[in-house]
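Only one chain is given next, in structure tokens, and it is the form predicted alone.
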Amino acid sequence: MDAHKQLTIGLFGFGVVGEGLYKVLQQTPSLKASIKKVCVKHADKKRNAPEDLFTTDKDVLLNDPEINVIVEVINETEPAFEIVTTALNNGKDVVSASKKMLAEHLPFLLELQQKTGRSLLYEASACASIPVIRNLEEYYDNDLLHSIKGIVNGSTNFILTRMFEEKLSFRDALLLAQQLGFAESDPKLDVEGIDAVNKWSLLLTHAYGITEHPSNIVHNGIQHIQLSDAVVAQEKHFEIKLVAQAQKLQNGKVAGFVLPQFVKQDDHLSFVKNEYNGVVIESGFADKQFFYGKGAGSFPTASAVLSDIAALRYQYQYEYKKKYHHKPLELTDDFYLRVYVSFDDWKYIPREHFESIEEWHADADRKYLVGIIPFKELREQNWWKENNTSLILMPDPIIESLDVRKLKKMSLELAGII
């Protein structure tokens, strides 16, 4: 595609993001990109755009030879997959914001891109306005990337911020997030960590060449976090955040998960409040870099879609260098985590599965302990997210190997008291 070529866009979806994109494109004529047709579900809805722009027939867009770019910003996974695959097969470049669809079908979509030679860009699918995919793709070499961690879901971050700063219960904070439009009416995808792990599986591909289905990545959300956990955090001078994390271990493999975490007050992520997102990338010689921006909303998401559209003028494609040009890394379960667990009753907690317990408080209605646990335990068992149990990682939670003698001594001391 030559750099001065007119981009003619077929747009699927005219909700918050689609309409945002329509407005933004009107304000950026220099892009030489225009929307020819918009496919929507309901023809009779009143919209802030000319009526003849809209159709309910997807084939009008997918089969139009003049339309050379399909932009897909709809909410449904399977229709989005069908649109994207048909568009690529029809020789069109594609920009998508559907993280769930992309995360669930990535291996197939990677093959299809190679077969068709077309671009599939999706910066808007992770962290909205923050250009994190393009940075991981272009700037950080596999060998130099030590770790990446981030707050990648604005709804849960908003809820946690309000629980923390206004002492709201989880339920009240969720209600407020819904009223302000930061959480869906069915908030399960957000609060249970599903949205975050979908984004994380995409970022793992660009960071380390790992293509893993989101359901295989250990994750949880914030649905069991109590006000009492926020009180403990404040006593210890921590904040609570839902953190997606990946770290390269000394054995060359990667620890990766999405779990609530205590964050120190001087940590970059503690500055990320409300609906904002933040990502900290640590690399060999650059030390830490911090990306910060709005993680949701009409214009922030549209701005990421826009940057992908602009890149298509230069035939830009993701090269997936870490996957195709290096030996891709792999996830491992072979490490330990330092965790805080709060619970209603000791009977729900398999104490014998901990390598050590360093601290416990058993007198109040709500009890808690701090200890070290094999990561495998979280993958293989569910006790830590059942029976109103709340598991939160301690700061810098990953422990690669344990000094067994020291732990045995500590555990014996505790055994006499518990």
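Rigid core here is just the name for the largest C-alpha set that superposes within 1.5 Å across the two forms. For every residue, the number given is its place in the sequence shown, counted from 1. Source: prediction; values computed, not measured.
Quick note: we don't show the form predicted together with ligand HSE, though the next part is all about it.
Residue among 164, 182, 335, 238 with a heavy atom within 4.5 Å of ligand HSE in the predicted bound form = Checked against the cut-off, the match is 182.
task = Report the residue, out of 98, 201, 155, 261, that has at least one non-hydrogen atom within 4.5 angstroms of ligand HSE in the predicted bound form.
result = Spelling it out, the residue with a heavy atom inside the cut-off is 155.
inquiry  = Quick check for you: of 285 to 293, 165 to 173, 217 to 225, 146 to 154, which stretch puts a non-hydrogen atom within 4.5 Å of ligand HSE in the predicted bound form?
reply    = In short, 146 to 154.
ask   = Is residue 195 a contact residue for ligand HSE in the predicted bound form, using a 4.5 Å heavy atom cut-off?
value = Answer yes; at least one heavy atom of residue 195 falls within 4.5 Å of ligand HSE in the predicted bound form.
Any non-hydrogen atom of residue 123 within 4.5 angstroms of ligand HSE in the predicted bound form = Flag for residue 123 set to no.
ask   = Just to confirm, residue 72 within 4.5 Å of ligand HSE in the predicted bound form by heavy atoms?
value = Answer no; every heavy atom of residue 72 is more than 4.5 Å from ligand HSE in the predicted bound form.
inquiry  = Please tell me whether any heavy atom belonging to residue 308 falls inside 4.5 Å of a heavy atom of ligand HSE, as the geometry stands in the predicted bound form.
reply    = Close contact is absent here: in the predicted bound form, residue 308 is far from ligand HSE, nothing within 4.5 Å, heavy atoms only.
ask   = Across 331 to 346, which residues bring a heavy atom to within 4.5 Å of ligand HSE in the predicted bound form?
value = The stretch 331 to 346, when checked against ligand HSE in the predicted bound form, contributes no residue at the 4.5 Å heavy-atom cut-off.
message = Please state whether residue 312 has a C-alpha shift of 2 Å or more between the shown form and the other one, with the rigid core used for the fit.
response = After core superposition, the C-alpha of residue 312 moves less than 2 Å between the shown form and the other one.
C-alpha of residue 174 moved at least 2 Å between the shown form and the other one on rigid core = Yes, shifts by 2 Å or more.
key: Closer or farther: C-alpha pair residue 185/residue 227 in the predicted bound form, relative to this form, given a change of 3 Å or more   = Distance between the C-alphas of residue 185 and residue 227: longer in the predicted bound form, by 3 Å or more.
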